[in-house]
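Only one chain is given next, in structure tokens, and it is the form predicted alone.
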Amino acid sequence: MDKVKIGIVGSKFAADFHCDSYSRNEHAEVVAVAAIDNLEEISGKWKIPSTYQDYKEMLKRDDIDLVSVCVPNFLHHDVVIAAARAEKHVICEKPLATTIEDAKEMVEVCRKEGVKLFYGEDWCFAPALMKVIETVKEGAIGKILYVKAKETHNGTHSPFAKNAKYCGGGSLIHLGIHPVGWILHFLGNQGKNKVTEVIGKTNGGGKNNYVHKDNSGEDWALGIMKFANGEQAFVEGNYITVGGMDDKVEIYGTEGVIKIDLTFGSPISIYSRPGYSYCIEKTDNTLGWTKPAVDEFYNLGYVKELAYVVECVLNNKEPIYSLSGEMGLKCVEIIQAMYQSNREGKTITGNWA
């Protein structure tokens, strides 16, 4: 095999950045896309030769090695199970599933069918965060004490993400799961340094939301994780932040501090009276001073992440823990423990990695 043949399920935002990332890889070829709408647009943009309205028909093809699952959260379970039973490797976008039970079944079925299940946590491959981990390993800031990470913006446009039933919750599971996954990657020592305590707080959804009253899931949430080695971590995910997607990480050690700006760290500053086409994800406008992303998909880790997935399939290599289905399951378990903490008003103890 000199190329990995890929079928994509979904046709909107996530499918687009998967196509963009694969297009940069000489060992990847998107041969088909399946979705209920937007097929003509995405297939035309990325020159995908075959389209299907039913993904199950696409999965019957013998030439597909890998399936990218880029559909709303509540569909992840069914698509991954179908792909595994069709003997295709799978990369699933976050969150792995909307429930712990679904996530467990996805991991178990993929293991039983002998296919690789990759969990799409792009932050693990964000160049800035990869550089930070190298620097920390050098001892630059001493022993890690505390990590703070967030993903926030002004709200989703997806009707499925606005519905807690289809999303699995609100901004915590939809946005906060990124910092949860990366912190597990950074502090978890590939599953050996386990999370032992979890605290969560949300504003509840619906009429209790600060801004998005029509969202049944919360539009503001935070969580705290305590690790067995003593480190503490704070995560935030909200839909109340205007001005564009704001992804930041702070790391505090005994000998120093590191601060990372993933989305507003552009080396370009533009002042514009009329505005221009695009700055960063979820910006309302491009008037006045802005800092446009140079290569958003690359800087957020998608390009390197999907190149790694292709490499694993090409060379029949097992993924690192941080990009495995098992990791995706742990992220769902921790998010659900945060929701439980919010409901019950207490710390939840466990053994998560």
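Note that residue numbering begins at 1 and tracks the sequence as displayed. Quick caveat: nothing in here was measured; it's all calculated off a predicted structure.
The following text describes the form predicted in complex with a small molecule, which does not appear among the structures shown.
For the three residues A28, K60 and K116, a heavy atom within 4.5 Å of the small molecule turns up in the model of the complex in no case.
Partner proximity in the model of the complex, defined as non-hydrogen atoms within 4.5 angstroms of the small molecule, places exactly one of 173-181, 189-197, 254-262, 208-216 at the interface: 173-181. The single contact residue among V71, A233, C279, C110, judged by any heavy atom lying within 4.5 Å of the small molecule in the model of the complex, is V71. The listed set L75, V136, A82, I240 contains one residue whose heavy atoms approach the small molecule in the model of the complex to within 4.5 Å, identified as L75.
In the model of the complex, the small molecule sits within 4.5 Å of a heavy atom of Y302. Taking non-hydrogen atoms only, N229 never approaches the small molecule to within 4.5 angstroms in the model of the complex. Residue contact check for A293: none of its heavy atoms lie within 4.5 Å of the small molecule in the model of the complex.
H157 belongs to the set of residues with a heavy atom inside 4.5 Å of the small molecule in the model of the complex.
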